[in-house]
Structure formats: structure tokens, C-alpha cells
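Okay, so here's just one chain, in C-alpha cells, the form predicted on its own.
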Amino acid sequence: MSRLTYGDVVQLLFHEAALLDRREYDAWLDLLDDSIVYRMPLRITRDPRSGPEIRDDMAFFEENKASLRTRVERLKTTSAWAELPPTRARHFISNILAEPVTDDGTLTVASSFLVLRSRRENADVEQIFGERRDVWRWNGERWRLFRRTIYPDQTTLSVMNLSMFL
């Protein structure tokens, strides 16, 4: 842990993105800490003098490990109509900024993301993009995602649903 390099951080985020792109959701869940908070607050458009654009008191979603596991399990059934047949998605992660590991074994990472998703034979491509702010925690064996806050750049999302993981 003490010898974590920037390359290690990049590799960690790229590995996570690859798991999501390949729909290896059980392996992705294994990257998550049992006490994860996974949320995406609302962004609103307003005059900067009127206050912040992010509404932390409202969210598109705010989930924990149990709710994320439920979503993954539902994707394995025929009841997940939004994902029948499964969509094809690609996660692009860039502009990665990592702070030094703290004494309590946490790593704070900010990154930009772009997720492109296609459905069936449709030529349209859905996209969602913004910034992720993560806290990863060392559990003595490996890094686990402890907190993720997703800040979309869009105020009106152009995706049909939020069945994907960001």
C-alpha cells in the first residue's frame, strides 16, 4: 500500500471500467467495500451567484452494497426489460487525479468519465459524462471502493434509463 504509484491508481480504475464493459458485475461488486455509498446528486443550471449547481440534498440515486447487489441480481433475470437484450457500453476514464494515501489507508481519486451505450440495432448512441470523486480504502489485502460520488455534466440526462453503473 505505501508504494502505490499513479500507474497503480490508473490501472485500478481501468480494471474497474473493463469489468463494467464486459458486464462482469459480480467481479465489480467484489471491488466494492461493504459500506459503500454510491450516489449521483442532481446538477441544476443557475446563475453562479445564486448558489452551487450541485444539489447534494437530491440525487438521481443513492445506493449501498445491498441495493447494488440487488440491481446486479435483477440483471440476471428476464425482468430487467431495459437490458433485454443487454446494452453494449464503453466506459472511458481520464483526467485522473489522485491524492496521497492517508494514514488511515484511504485514497481519494477524482476522474472524468464518459459512458457510451448502444441498444439493439439502433444507430443512436446514448452518452453520459461528468466527474467521479472516489474514496478507495485498503482492507489489508486490496483496494475497495468505499465512496463514489458522480457529478454529471448534464442537467437533463440524455440516457433512456440509469440501468448502467458509472
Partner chain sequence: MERGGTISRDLLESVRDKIRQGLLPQWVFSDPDIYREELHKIFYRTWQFLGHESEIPQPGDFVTRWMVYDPVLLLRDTDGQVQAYLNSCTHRGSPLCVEDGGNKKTFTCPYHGWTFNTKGELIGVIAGNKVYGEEFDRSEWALRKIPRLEMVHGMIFGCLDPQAPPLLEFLGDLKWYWDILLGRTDHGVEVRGVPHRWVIRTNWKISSDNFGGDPYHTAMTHRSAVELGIAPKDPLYGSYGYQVVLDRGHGFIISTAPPGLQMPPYQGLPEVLWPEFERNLLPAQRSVFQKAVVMVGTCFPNLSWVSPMHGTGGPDEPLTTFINFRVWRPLAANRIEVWSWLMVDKDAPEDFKEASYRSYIGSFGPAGTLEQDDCEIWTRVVESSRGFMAQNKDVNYNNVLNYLMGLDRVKPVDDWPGPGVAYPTCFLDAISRSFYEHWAEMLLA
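Numbering follows the first chain given and starts at 1. Just so you know, these numbers come straight off a predicted model, no measurement behind them.
Just so it is clear, the following notes concern the form predicted together with the partner chain, a form of the same protein that is not shown.
Task: Candidate spot 46, 60 and 67, all three touching the partner chain in the predicted complex (heavy atom, 4.5 Å) - done: Contact check passed for all of 46, 60 and 67.
Open item on the list: Under a 4.5 Å heavy atom criterion, is residue 55 part of the interface with the partner chain in the predicted complex?
Closed with: Heavy-atom contact with the partner chain at 4.5 Å: present for residue 55.
Task: Residue contact check: residue 35 to the partner chain in the predicted complex, 4.5 Å heavy atom - done: No, no contact at 4.5 Å.
TODO: State yes or no: in the predicted complex, is some non-hydrogen atom of residue 42 no more than 4.5 angstroms from a non-hydrogen atom of the partner chain?
DONE: Residue-level check for residue 42: yes, a contact with the partner chain.
Task: Touches the partner chain in the predicted complex: residue 96 (any heavy atom, 4.5 Å) - done: Heavy-atom contact with the partner chain at 4.5 Å: absent for residue 96.
Open item on the list: Quick check for you: of 135-143, 24-32, 97-105, 120-128, which stretch puts a non-hydrogen atom within 4.5 Å of the partner chain in the predicted complex?
Closed with: That would be 120-128.
Open item on the list: Pick out the residues of 138-166 whose heavy atoms come within 4.5 Å of the partner chain in the predicted complex.
Closed with: Counting only heavy atoms within 4.5 Å of the partner chain in the predicted complex, the contacting residues of 138-166 are 155, 156, 157, 158, 159, 160, 161, 162, 163.
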